[in-house]
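Next up is one chain by itself, shown in structure tokens, the form predicted on its own.
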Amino acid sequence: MVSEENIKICLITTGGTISSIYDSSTQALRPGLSVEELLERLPKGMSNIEVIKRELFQLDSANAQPHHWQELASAIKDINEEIPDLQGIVVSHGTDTMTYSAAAVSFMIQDFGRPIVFTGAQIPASVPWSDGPRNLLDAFRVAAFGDLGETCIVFNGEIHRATRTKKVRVNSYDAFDSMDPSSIGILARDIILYDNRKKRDHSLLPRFDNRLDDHVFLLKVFPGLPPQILGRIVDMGYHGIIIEGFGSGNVPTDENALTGGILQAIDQGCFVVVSSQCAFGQVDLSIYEVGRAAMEVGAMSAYDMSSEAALVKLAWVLGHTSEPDRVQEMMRINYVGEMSYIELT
């Protein structure tokens, strides 16, 4: 545990529902609260925490793009260099694409040794019954006192690994769930953290690397999907495709077979990874003929990565190399807990 004296936490605001206000001209919500106005909504009693404030964006997270992930990682790098005794980072973010942004920061900032905590709200902090103040206070609590050394999402009293999280509910306060394995902690009277986490370690030398290839496409398979779409995606200049298959990674191989399109895409230098539409479980392309066929033409397995994490990881990997053997090797490495089938590096 860290000392309760001189605790420095940086709050980076990026917009989202938590900072939204009602715009009478559009009759809709839009981000509008400043970082100071957001902090004013918190209950008193954080006198032992010095908050360094950074207002980075005022975005609805539906408008977040890969370059925003890079700018966020760069901002954290700058803050880390400016404030060497920083105990943690809190990022307020919209819930719609929080899992993408948090996963991207996980890959782009490794061995930070302290918590980088994403949080947000389902109801704007400007509304009296908002979940925003509680989530933000919980995020500060984890950033300041949690024995945690990785990027996470704190929401509704739960602590989730960034690369293992999905938004699963549109309106409920309990918006996020961890995909296998379970969450890495909960917030009760104490901060309860489980063993399947990276612990706080201030001796680590952080690695900042925000290189990305944002030409990665996520394609959801559905009955009747025309296989010609794969060729069109490659023609549009995409260098990687995540195919979200059925069950354990199965794709059509009879009518509207995708295998020919997968082979053609790979022959044209595009990397293809098969994930699953299921929230839980692992892709195994060897079980069924319809999965093995994709593997035999060169598709890679996402194992038990979520489609969101697989997309971000492939973009990050392709930002470093386009050499086929190296891409396949890097996609099999468990960098930041994005896969549970292999020990975390």
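Numbers for residues come from their place in the sequence shown, where the first is 1. Keep in mind it's a predicted model, so treat the numbers as computed, not measured.
Omitted from view is the form predicted together with aspartic acid (ASP), to which the following refers.
For the options L148, V90, L258, A121, the one in contact with aspartic acid (ASP) in the model of the complex, meaning a heavy atom within 4.5 Å, is A121. Among D96, E244, D213, D177, the residue placing a heavy atom within 4.5 Å of aspartic acid (ASP) in the model of the complex is D96. Stretch-level contact check against aspartic acid (ASP) in the model of the complex with heavy atoms at 4.5 Å: of 56-64, 279-287, 33-41, 304-312, the positive one is 56-64. Taking the partner from the other structure, aspartic acid (ASP) in the model of the complex has no heavy atom within 4.5 Å of any heavy atom of T13. The partner is not shown here, and in the model of the complex the stretch 185-220 never reaches within 4.5 angstroms of aspartic acid (ASP) through any heavy atom.
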